[in-house]
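Okay, here we've got a single chain as structure tokens, the form predicted on its own, with questions on binding and movement later.
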Amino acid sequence: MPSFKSAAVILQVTDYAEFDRIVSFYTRDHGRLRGIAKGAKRSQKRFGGALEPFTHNEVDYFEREGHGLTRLENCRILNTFPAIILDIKKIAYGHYLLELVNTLTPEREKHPEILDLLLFFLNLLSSQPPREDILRVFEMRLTSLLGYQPQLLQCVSCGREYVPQAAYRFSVNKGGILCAVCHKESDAYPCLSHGTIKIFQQAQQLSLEKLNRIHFSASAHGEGKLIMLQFLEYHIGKRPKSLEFIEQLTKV
């Protein structure tokens, strides 16, 4: 049975049997994996607090022939992001980031840029007051890395290039902006202002280190949230569960 060692972030943990845990984790070398941690509930030496969501670890695991699950052997904690787990809003936002990676990424497909993206945003969330803007930027950047980001540079129907002077709407099922000729003022497609389009173009194109500079206006935040949540629900097939937690906090 081949064994591996890789950096990874814990995405989701579920109790299994009396002492075991099923763990979803995103690795640098093999993408998203699901594994079983035998005896994890009673083995402080091998796992300790390493099998908690958000934890950045160096993980030892091996493939079990004929089994869908890997076998986790040991974890060495690199970062637990304590500033996140001490703030209820940061916890909510952080779980949303983990859920998107867990539901949108294919299993066993190597994509180290996704781990870099997740770690960058967990560090961002840890180091500053929580802003819902960063969720929109993460959504856009993650879908870009996965190859089905919203098309914002040209009309998805006729192919005309985007021009700031024209009016646009957004088609969820077609995956991008529609020019005035193609949407014909249809209320079936939400409006998308030039400010929102521009800020999402920046989210797609800026280097990772510059993403923290992006700030949404009130109108861009409202428009962006509407279209991205519809877009993600369309691709996931259901509404992300962690959104309910975030919405409850906004009502407090």
Partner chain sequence: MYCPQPMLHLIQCLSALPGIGEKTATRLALYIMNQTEADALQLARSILEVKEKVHLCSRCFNFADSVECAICRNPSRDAHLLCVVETPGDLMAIEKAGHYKGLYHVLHGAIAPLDGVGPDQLKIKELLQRVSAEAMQEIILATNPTVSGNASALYISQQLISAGVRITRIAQGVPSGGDIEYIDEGTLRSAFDGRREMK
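Residue numbers count along the first chain shown, from 1. The model shown is predicted, which means the values in this text are computed figures rather than measured ones.
Beyond what is shown, the protein has a form predicted in complex with the partner chain; the following relates to that form.
You can rule out all but one of 174 to 182, 139 to 147, 84 to 92, 159 to 167: in the model of the complex, only 84 to 92 has residues with a heavy atom within 4.5 Å of the partner chain. Site residues Q154, P190 and L226 are none of them in contact with the partner chain in the model of the complex, judged by any heavy atom within 4.5 Å. When you look in the model of the complex, the only residue of G48, G195, G39, G222 with a non-hydrogen atom within 4.5 Å of the partner chain is G48. Though the partner is left out of this view, Q230 does not reach within 4.5 Å of the partner chain in the model of the complex, counting heavy atoms only. Taking the partner from the other structure, the partner chain in the model of the complex has a heavy atom within 4.5 Å of a heavy atom of N79. Mapping the unseen interface onto this chain, D133 falls outside it, with no heavy atom inside 4.5 Å of the partner chain in the model of the complex. Mapping the unseen interface onto this chain, G31 falls outside it, with no heavy atom inside 4.5 Å of the partner chain in the model of the complex.
If you take 6 to 32 and check each residue for a heavy atom within 4.5 Å of the partner chain in the model of the complex, you get L11, Q12, T14, E18, in sequence order.
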